[in-house]
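What follows is one chain in structure tokens, specifically the form predicted alone.
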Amino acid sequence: MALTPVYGHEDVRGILVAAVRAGTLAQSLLFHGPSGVGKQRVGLWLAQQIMCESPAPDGLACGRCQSCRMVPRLEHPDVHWFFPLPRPDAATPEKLREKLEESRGAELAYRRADPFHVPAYDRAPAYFMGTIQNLQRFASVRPAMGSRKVFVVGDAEAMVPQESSPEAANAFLKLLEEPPADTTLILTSSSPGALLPTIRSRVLPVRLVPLPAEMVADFLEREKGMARADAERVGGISAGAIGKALRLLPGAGGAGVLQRQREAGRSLLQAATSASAADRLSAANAVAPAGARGEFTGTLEALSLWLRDLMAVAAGAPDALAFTDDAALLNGIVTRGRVEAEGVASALLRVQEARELASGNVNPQLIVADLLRGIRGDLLRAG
């Protein structure tokens, strides 16, 4: 199977393809923007533009040549897609490199088989020294088919030490400082501020913004075959991110992890709205003190969705709920606390700030303790 078409970002893509045809495209780029808006997909689209053997008159890739057929199928030998992975068990650095490349190959196979694959892991994914060494090895060899090699390095913020090895970012920096002349590097990040300043200084930043909700609904209707009403409901709560919309669908990849995150988000909401300070302390202590970039980030995203549902109930729009089977819980919170939509909006901003803290090395327990106190204050002030 092939990757789905790119939706949106027409202005940015127009500028990028013009730079490719003019020979002025920067050798190292950073696509940054909210999670799930399509940064890695646009990176792979750009790889196709670079690799096309016979561009169309409008400058876009022809879609017919061998390279244009191979890139969307993730089969082109000169296009390399890297992403953070959980650390496999390995006794030696050499064995770790081998297992990391095996894990990447397995994940790519999932993505070839299912263009809607939503990766989810039981352990926090990161970039390790072995991953960067594998990337360096591919960068050092001549292209197999054309004149260039392209590397799409997704979620590059996971290169900064937390779960990753401290040497990984510095090793990647060396590649950025002196990349082979035939190599294009495309980094993506939802938290560019978490990257090393020395890495940010060596890449051209390109911001991708959220898509219109209608465009997300179009994607779900055309590519997933959803009924229009359902597609519009999910599109409306996706924050303009197709990736986030896919995670909301029943049967999304890693359903066990996603369900766990949903339940954890509900527990945080219940603790935040509890009259007992002990409940909030207990909720903070229940969070693992490390691994903020792993499942904890997903928990904060789930809490955001619960708060959005709470806002819908407070605003008298129960048809807009993401988690329709828990309407009674939300109605109870609104009724008991006399919650108003304005207070929930403030709470949502607080969760966004917590996610930014989680992209660094802040202890998740401290994040949750402060977050729950703040959310309760926001909701009570509105009541």
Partner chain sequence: MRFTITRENLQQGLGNVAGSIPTRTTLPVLSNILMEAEAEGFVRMSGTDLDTSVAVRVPAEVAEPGAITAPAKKLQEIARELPGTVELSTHGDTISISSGRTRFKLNGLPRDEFPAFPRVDFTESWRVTGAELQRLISHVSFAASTEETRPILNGVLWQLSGEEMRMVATNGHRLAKMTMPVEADSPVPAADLIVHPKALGQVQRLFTGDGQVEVGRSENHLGFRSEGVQVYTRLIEGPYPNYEQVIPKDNDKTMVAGKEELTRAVRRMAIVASDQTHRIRMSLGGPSLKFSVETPDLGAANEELNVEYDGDPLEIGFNAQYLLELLRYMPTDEVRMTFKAPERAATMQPIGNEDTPDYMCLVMPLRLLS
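Numbering follows the first chain given and starts at 1. Here the structure is a predicted model, which means the values were calculated and not measured.
Keep in mind that the form predicted together with the partner chain is missing from the display, and what follows is about it.
J.: Taking the shortest heavy atom distance, is K224 within 4.5 Å of the partner chain in the predicted bound form?
T.: Result no; K224 lies far from the partner chain in the predicted bound form.
J.: How about E75 - does it come within 4.5 Å of the partner chain in the predicted bound form, if we only consider non-hydrogen atoms?
T.: Yes, E75 lies within 4.5 Å of the partner chain in the predicted bound form.
J.: At 4.5 Å between heavy atoms, is A286 in contact with the partner chain in the predicted bound form?
T.: Outside the cut-off, so no.
J.: Can you work out whether G105 and the partner chain are in contact in the predicted bound form, taking contact to mean some heavy atom pair no more than 4.5 Å apart?
T.: Although the partner chain is absent here, G105 would touch it in the predicted bound form, with heavy atoms inside 4.5 Å.
J.: So which of P115, G243, P180, P88 reaches within 4.5 angstroms of the partner chain in the predicted bound form, heavy atom to heavy atom?
T.: Exactly one listed residue reaches within 4.5 Å, namely P180.
J.: Given that the partner chain is left out here, which of A278, V209, V141, L204 has a heavy atom within 4.5 Å of it in the predicted bound form?
T.: Contact residue from the list: V141.
J.: Out of 326-334, 62-70, 33-41, 340-348, where are the residues with a heavy atom within 4.5 Å of the partner chain in the predicted bound form?
T.: Correct option: 62-70.
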